[in-house]
Structure formats: structure tokens, C-alpha cells
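Below sits a lone chain in C-alpha cells, taken as the form predicted on its own.
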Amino acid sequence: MKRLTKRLGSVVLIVAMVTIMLAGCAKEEAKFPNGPITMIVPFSAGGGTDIVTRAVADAAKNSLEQPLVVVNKTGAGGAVGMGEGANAKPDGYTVTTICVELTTLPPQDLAPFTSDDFRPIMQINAEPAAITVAADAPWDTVEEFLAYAKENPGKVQIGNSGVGAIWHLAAVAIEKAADVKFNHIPYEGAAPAVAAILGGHIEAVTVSPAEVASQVEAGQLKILGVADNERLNSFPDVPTLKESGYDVAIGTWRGLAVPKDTPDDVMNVLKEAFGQAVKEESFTSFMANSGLTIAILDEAQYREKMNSENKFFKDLVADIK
């Protein structure tokens, strides 16, 4: 009887130890993240959205201690990539770089999602639109460019990052303010549009200054004006459209988000990691050297901004539907 009791005691002890070990393993398995994180960029490689994403991913790898794999999912002015991100499993392993197109595409019936399908982690960056032409173009000022456009309705070909995307809507806003008509040429992102103007296929682009900065520095392109409230530190000699008499301030923003049902514990890890990443010297120096503006908003602030822009762009796109 004593021997049986001793054996039973041993069994109980073993079971208890195994239970503790299994609980520990389960806890370890539940730790987030314990594998690679995919970051979806809804535009082509080389554009502003792509380079901002890759820079923040590189800065966050130490905080997350897992690989961050950036993939470009292009198409439909950003709808393809953001749609895939919205429909991903809400476990934190798919992070999407959301852009202002999240608020421009739905009111045009160009996307099967809205900003409510995402849970924003943070906004990272914001940039204005700018009218950019070839360095040898016959226009040296916004006034000259728009006067020509007014005299030649539909002749000036302006490249954008896709139908309904922000750089398309920026050109539409300029059309309205100046009472002109452009010929809008869509591309799968800003980089292909810039390549098109360099190749002489179009006359202008309305992408951000940062997306043409290297070509401007190389003497291939020139910026005539920026659609912002103030001149940019990176291009202090370039006037705003408002200075030229056109009341237009419009641009993009970029941030990170996950599917709407992502739990708080996972969100907290991502917020902490990316919040630290945007403070890293490698990230801040990259943004400064690239002429990109760091503009941070937290989850609540970002949600409020998206709600406001949902209304703004709903009113704007009513003119082009």
C-alpha cells in the first residue's frame, strides 16, 4: 500500500510538472510576435509610400525582434493593397501602410472597404501635392502653366498615381481652383508617373515634392508650386499655390494600420515598436535627407483625421463621378 501510494504521488508530481511545462510553452507560443510580419505597400516600389514603409520597417526590426517583410501590392489606385490588408487575419502579422486613398477611393465607389475596416496604429508622414514639370518646359511659374492650360483645354497631360488616388484628386482640385481642364493620365504609383515625365510622355505630375526631389536636384525637373499653406523647408524658393492666387491645399498622408478586429494586446506591441521606430536616428535622418516630413498622430488622432477627410473627399469627388 505504501509502495502504491508512493507511485501515485510520483505520477501526480510528473503530471503537475508536465502541466506547468505545457502552460509555459503555451505562454511562449502566445507571445506576439513570434514570426515574420508582412507589411503591405499599396503602391509601386520607389514611390513615397514605399520608401517611407521600408524606412520604418528597418527601424522597427530591433524593437519587434522579428523580420518585417515589405511587399508591394499595386493596382486600382491603392485599392488592391489596402483591400488585402483590410481582409487579412486580425492577428497583427499583416500591417498595411494606409494612405489618404483610404478616404478618397470609397466615395468614388472604387474600393470595397472604408476606413472603418482598419484599426490605425499611427500616422507617420504627410506631404503636399506639387505641380512639377520638365526642367526644359516652357513654363517657369504656376501662373504661366495654368494660363497655358486654360488656353488649351485638355491638352496638358498630368500624370498621377491612379484613378481616384490622391495625386489625381490634387490635379482635380487645381482644375477647380483655376478653372482649367487637364488630361489625367493614371499610373500604378508616383514612381511610374515620374518616369513618364522624365521620358517626355506627359507634361506634368502632381505628386509630392519628395517624390521628385532627386530629379529636381539633378536638373531634370522643376517644381512650379506646392499645394500647401506654407512654403516647404526643403524647397523654400518654391511658392505655394495660394501665393499665386489659387486656394488649394491638398496632399497625402501615410501611416500604419491593421484589420479592425485586431486585439488590444497585439495593438499595444505594435504601437510601442513603431512608436520607438519613428524616433530612431536612422529613420529621422533618412526622412530628413529624403525631404520627407515626419507627422505623427496616435490612434485616436488618426481616426479623427480620417473621419474628417472622409467628408472632405466625399464632397470633392462629387464633381468627377
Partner chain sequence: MLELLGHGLAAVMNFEILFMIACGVAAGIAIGALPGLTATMGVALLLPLTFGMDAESGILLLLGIYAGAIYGGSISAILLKTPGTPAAAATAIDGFEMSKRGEAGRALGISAVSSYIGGTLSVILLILISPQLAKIGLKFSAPEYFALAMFGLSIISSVSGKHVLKGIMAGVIGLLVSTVGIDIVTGYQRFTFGNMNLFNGFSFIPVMIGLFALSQSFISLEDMMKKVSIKQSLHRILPTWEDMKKVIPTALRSGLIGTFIGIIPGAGGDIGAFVAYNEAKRFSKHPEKFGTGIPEAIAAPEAANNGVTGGAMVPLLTLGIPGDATTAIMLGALIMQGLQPGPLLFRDHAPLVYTIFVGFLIANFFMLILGFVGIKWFTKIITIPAYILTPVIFVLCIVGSYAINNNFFDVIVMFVSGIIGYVMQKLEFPASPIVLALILGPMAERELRKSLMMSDGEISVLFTRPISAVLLSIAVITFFMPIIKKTITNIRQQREGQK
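Just so it is clear, the model here is predicted, and its values are computed rather than measured. Here, rigid core means the biggest group of C-alpha atoms that superpose within 1.5 Å across both forms. Positions refer to the first chain, counted from 1.
Below, we turn to the form predicted in complex with its partner chain, even though it does not appear here.
When contacts are judged by a 4.5 Å heavy atom cut-off, Asn34 does not count as touching its partner chain in the model of the complex. Although the partner is absent here, Ala147 is not a contact residue: none of its heavy atoms lies within 4.5 angstroms of its partner chain in the model of the complex. Of the heavy atoms in Gly245, none are within 4.5 Å of its partner chain in the model of the complex. At a distance threshold of 4.5 angstroms between non-hydrogen atoms, Pro90 is out of contact with its partner chain in the model of the complex. In summary, the region of this chain contacting its partner chain in the model of the complex, judged by heavy atoms within 4.5 Å and restricted to 222 to 230, 125 to 133, 67 to 75, 247 to 255, corresponds to 67 to 75. Looking at its partner chain in the model of the complex, residues Gly46, Lys155 and Glu217 each place a heavy atom within 4.5 Å of it. Only one of Ala79, Ala204, Cys99, Ala171 lies close to its partner chain in the model of the complex, with a heavy atom inside 4.5 Å, and it is Ala79. For the options Gln276, Ser290, Thr284, Asn62, the one in contact with its partner chain in the model of the complex, meaning a heavy atom within 4.5 Å, is Ser290. Scanning 34 to 68 for heavy atoms within 4.5 Å of its partner chain in the model of the complex gives Ala45, Gly46, Asp50, Ile51, Arg54, Ala55, Asp58 in sequence order. After superposition on the rigid core, displacement of the C-alpha of Pro186 between this form and the one not shown amounts to 2 Å or more. The rigid-core alignment places the CA of Ile98 less than 2 Å apart between this form and the one not shown. Phe113: CA moves less than 2 Å between this form and the one not shown after rigid-core fitting.
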